[in-house]
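Single chain ahead, written as structure tokens, the form predicted alone.
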Amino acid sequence: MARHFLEIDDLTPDELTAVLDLAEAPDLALSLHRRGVALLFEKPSARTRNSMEVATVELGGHPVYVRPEEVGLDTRESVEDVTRTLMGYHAVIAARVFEHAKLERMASVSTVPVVNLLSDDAHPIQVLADLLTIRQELGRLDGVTVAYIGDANNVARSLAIALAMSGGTLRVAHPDGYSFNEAAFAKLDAAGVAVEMGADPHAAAKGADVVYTDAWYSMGQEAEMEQRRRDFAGFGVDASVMAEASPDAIFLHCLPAHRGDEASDDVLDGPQSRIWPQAHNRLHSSRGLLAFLTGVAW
């Protein structure tokens, strides 16, 4: 039976550790030798495409980038029929979509692993890289406190679940109206995840091991840019916010960054920033995940 990866808790805590260990393994078996990996993108992404293509090649496979107009999910063909076609060609189907339900529909019919490269609800592939970076930089995940400043979005939801699985804690500081939605809170409650919510970035960052932020407006939200800038005024991560964190704290951002909005240049480029190792870990964590899903670890 295929193992799917739609949210971070599709792995057990032990499996999550195994994926991170595989990400750092110096020599992995070529579990994708002469096999294809479909990379279906409704939303483009530089980091996701590059990391997944190279990870596939490093495991001996052949990545195939699929543009949205080439398949037309639910326009040219149903999600299910597209999935049935691709699974006949590929060892893995990885998709970056808007509606999370499309991934669930893919997984319901697929006989090969379906991987969530991003949906409006979750971003578990990003969070694998985040955990790997935190573990490398701090030497642990257990007991780590992460302060997440900004929109309680898909990244924040997946990060909250991942930290709970690893023995860590997430604090979220968000403007009014940008908390988790009801569905996200229901998911977190069902997973037994408690998140500290508040409206003060400085309070959230106090004593934290990691300060994390994301863009205030993402792809598809450009029309909301000016309104969101007004709503998020005072939620930019600057030197004063970082000063509240632990002296050894690191700064993370899943990128792309809108410099001067959610973070200042002196933080993005400062000595505590680990945004480039974090970005590069997208490759290593993706390789670890693909190795796990295609049979290296189980």
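All values reported here derive from a predicted model rather than from experimental measurement. The numbering used is simple: start at 1 and walk along the sequence shown.
There is another form of this protein, the form predicted in complex with a small molecule, and it is not shown here; the text below is about that form.
With the small molecule omitted here, the record of contacts in the predicted bound form names 37-45 of 37-45, 23-31, 233-241, 266-274, defined by a heavy atom within 4.5 Å. Though the small molecule is absent from this view, in the predicted bound form it lies within 4.5 Å of a heavy atom of just one residue from R96, R228, R105, R135, which is R96. Put simply, of C254, V66, A245, L59 only one has a heavy atom within 4.5 Å of the small molecule in the predicted bound form, and it is C254.
The closest heavy atom approach of Q126 to the small molecule in the predicted bound form falls within 4.5 Å.
When the small molecule is considered in the predicted bound form, R287 lies well away from it, no heavy atom lying within 4.5 Å.
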